[in-house]
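Just one chain follows, in the form predicted on its own, and it is written as structure tokens.
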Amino acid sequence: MKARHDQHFLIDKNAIGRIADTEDVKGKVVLEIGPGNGALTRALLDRGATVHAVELDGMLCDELAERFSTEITEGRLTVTHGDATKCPLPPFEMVVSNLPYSASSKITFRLLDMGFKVAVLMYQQEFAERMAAPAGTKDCGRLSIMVQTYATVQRCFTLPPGCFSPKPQVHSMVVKIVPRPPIFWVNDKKRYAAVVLALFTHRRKTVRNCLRGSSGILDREWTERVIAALPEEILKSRPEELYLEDFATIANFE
């Protein structure tokens, strides 16, 4: 089977079951992005979920509509043809998806902006490990800081390439994301995101140099005021050495 739109189809029944059982979906409205051939869709429906599936591949949409015609007629399933990074998404309370690797970051950030109760998502393992890397460690980056500011991230289990067709060249990891308010108050989400982006654009430089080199991302006058006010301990640190509180302190400065 040839991969279409960066999608690798789950074929391992045990893996499909583990994903579907990670959270109780009975009676819940579940968003599934990239349903592919519908293997996970079937498992979610069998567990009593109402599923809203969004699929980029029009041919797969037609196949899903034919395969699940009864569930669609009964209102237990909808299939939307569209790009989940930008198309209107149907209402949902949970997300259970095997995300396409190339769109993982964009989709994750979009889902966090929209809000949900819990998400069970499969990513490339390296991507998932970076997302879960704690602030203040060498593996943390923009992804981990932005996600962990607004949610908890729990590693669930990994899956080898043999669980998919065609086989990807990497292992995959299923994670659970649960949104929560920021531990440290964020005055302006857009500025916070810009600060995190500016700092990790040149992550090997000090915070002082990252801020001074953030032209086009942050206002120059604002950054100079921040540099003048921040303690030297923060200014001489590298972004990967900062904690969530430090990012909030910088972004909240007026």
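Position 1 is the first residue in the sequence shown; the rest follow in order. All values derive from a computational prediction rather than experimental measurement.
The same protein has a further form, the form predicted together with S-adenosyl-L-homocysteine (SAH), not shown here; the description that follows concerns it.
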**Item:** 4.5 Å heavy atom contact, L56 to S-adenosyl-L-homocysteine (SAH) in the predicted bound form
**Value:** yes
**Item:** Heavy atom of L111 within 4.5 Å of S-adenosyl-L-homocysteine (SAH) in the predicted bound form
**Value:** no
**Asked** Hey, in the predicted bound form, is I33 touching S-adenosyl-L-homocysteine (SAH), heavy atoms inside 4.5 Å?
**Response** yes
**Asked** Can any non-hydrogen atom of P168 be found within 4.5 angstroms of S-adenosyl-L-homocysteine (SAH) in the predicted bound form?
**Response** no
**in the predicted bound form, segment of 98-106, 126-134, 172-180, 144-152 with a heavy atom within 4.5 Å of S-adenosyl-L-homocysteine (SAH)** = 98-106
**Asked** Pick from V196, C210, L218, L60: which residue has any heavy atom within 4.5 angstroms of S-adenosyl-L-homocysteine (SAH) in the predicted bound form?
**Response** L60
**Asked** Which residues within 72-95 place at least one heavy atom within 4.5 Å of S-adenosyl-L-homocysteine (SAH) in the predicted bound form?
**Response** G82, D83, A84, T85
